[in-house]
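Single chain ahead, by itself, as structure tokens, in the form predicted on its own.
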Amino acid sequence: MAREVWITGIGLTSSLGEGTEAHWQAIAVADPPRPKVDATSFAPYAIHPMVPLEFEKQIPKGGDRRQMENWQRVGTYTAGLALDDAGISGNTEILANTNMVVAAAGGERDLMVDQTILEGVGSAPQPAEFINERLSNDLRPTLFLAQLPNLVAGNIAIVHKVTGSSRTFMGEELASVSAVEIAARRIAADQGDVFLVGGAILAERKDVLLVLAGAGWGWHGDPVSVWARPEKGGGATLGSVGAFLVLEAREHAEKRGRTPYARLGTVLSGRSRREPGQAVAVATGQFETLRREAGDRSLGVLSGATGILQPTREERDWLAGLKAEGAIDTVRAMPNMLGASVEASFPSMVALAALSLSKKAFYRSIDDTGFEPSATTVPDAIAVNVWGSWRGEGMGLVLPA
């Protein structure tokens, strides 16, 4: 018998604020919800900027704060919020047996080197040789420790004394799905009682925006719903998000008297080459599994659709078909409020799904295309669907505890 996985702690930081209640008020209570967007600092690209955080509250030592890059501070800070919320901060016995699975991006790049390469590659007679020469000669022979992705988990271990096993995934949105999937599977298989799982991204990084722009995925123009963007060329608006969950075996949580937000059901990850119909085929197989697990419960969907042309169009049409069949009820695209949060996308939406079920209410819509009408009922379970910008399709089910 697989053990039940309970969500007993949530840490959330974003442009909307800090903590679960700030996010609930911004997305579910405010009428209408108003996303916070900075359209000038990185024009022509808009971002959803991180709310100011008092890092010393969760990272008290100045030396610890100084040796981290800002995106690592956000991750470490948000992980502390999740541990506080679960009631295990400072409990050395539980923390010593708390495992970590983190989704992380690469560290900040040398922007001067990147700028030099970008300025010269266009006029170079042999662009490939030019790039190889510049990378060989201009990059530092060693990296700062703060640039290593697994230092997010390392810093969490140092600051919050989380000293169980640790694993770090890289690979955009799918890394965030895999992080939650692995943690949930290990709990269900009795390979650990408590896991801290999540990720963080800062949109206020020029190197991250450079990758987005280089791929042709950046959204230009006034903010519009992600569902409207495919008809206007498509594009994503990045958002700064920190999202961590404390996942716990039911027996362990009950023994210490904790009430969960919700229960985490099956989490599935997949991958396709994104030839026409392939992503839909992967997602359909995942959905059929989750639909069976949900039984006769009404099913809402939180989507991580970014607005990027091909995946958003395919996901929209696929979800529309499920709605027409009566297989799902209300859909909400969370990037409309949070921005595209890449490595933090899946845990942030699992957190919001769990929060919704615990509140017995659902989120408002700011979509003006008609795809997300106002909810007339509250779903009994929520499917979280995240497709990577390039590759990777993941889905998870969140159920009442």
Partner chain sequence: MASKVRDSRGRPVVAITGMGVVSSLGVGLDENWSALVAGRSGIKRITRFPTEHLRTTVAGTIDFIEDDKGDLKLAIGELAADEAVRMARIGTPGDFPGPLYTAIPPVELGWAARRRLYDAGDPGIKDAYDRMCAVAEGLNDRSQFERVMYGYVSEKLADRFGTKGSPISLTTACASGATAIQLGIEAIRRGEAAAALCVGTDCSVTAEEVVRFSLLTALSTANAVPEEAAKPFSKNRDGFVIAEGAAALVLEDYDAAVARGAEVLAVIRGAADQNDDFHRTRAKPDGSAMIDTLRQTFDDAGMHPDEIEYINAHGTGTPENDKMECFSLEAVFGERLRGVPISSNKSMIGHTLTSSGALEAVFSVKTMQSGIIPPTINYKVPDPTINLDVVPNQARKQKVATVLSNSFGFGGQNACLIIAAEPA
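Numbering follows the first chain given and starts at 1. Under this definition, the rigid core comprises the largest set of C-alpha atoms superposing within 1.5 Å between the forms. This structure is a prediction, so every number in the text was calculated from the model and none was measured.
Keep in mind the form predicted together with its partner chain is missing from the figure; the text below concerns it.
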property	result
Partner contact for Ser269 in the model of the complex: its partner chain, 4.5 angstroms, heavy atom	yes
Contact of Ala105 with its partner chain in the model of the complex (heavy atom, 4.5 Å)	yes
Its partner chain contact at Gly214 in the model of the complex, heavy atom, 4.5 Å	yes
4.5 angstroms heavy atom contact with its partner chain in the model of the complex for Arg263	no
Partner-facing stretch of 326-334, 77-85, 239-247, 178-186, counted where any non-hydrogen atom is within 4.5 angstroms of its partner chain in the model of the complex	178-186
Answer option from Ala320, Ala228, Ala281, Ile158, heavy atom within 4.5 Å of its partner chain in the model of the complex	Ile158
Among the candidates Val301, Ala253, Leu202, Val162, the residue which, in the model of the complex, approaches its partner chain to within 4.5 Å (heavy atoms)	Val162
Partner contacts for 159-173, taking its partner chain in the model of the complex and a 4.5 Å heavy atom cut-off	Lys161, Val162, Thr163, Gly164, Ser165, Ser166, Arg167, Thr168, Phe169, Met170, Gly171, Glu172
Exceeds or equals 2 Å, Cα of Leu118 between the shown form and the other one, core fit	yes
Core-aligned CA displacement of Arg291 at least 2 Å between the shown form and the other one	no
Residue shift check between the shown form and the other one, rigid core fit, Arg167 Cα at least 2 Å	no
Pair Pro125/Ala213, Cα separation in the model of the complex versus the displayed form, closer or farther by 3 angstroms or more	farther
Closer or farther in the model of the complex: C-alpha pair Met170, Glu133 (3 angstroms or more)	farther
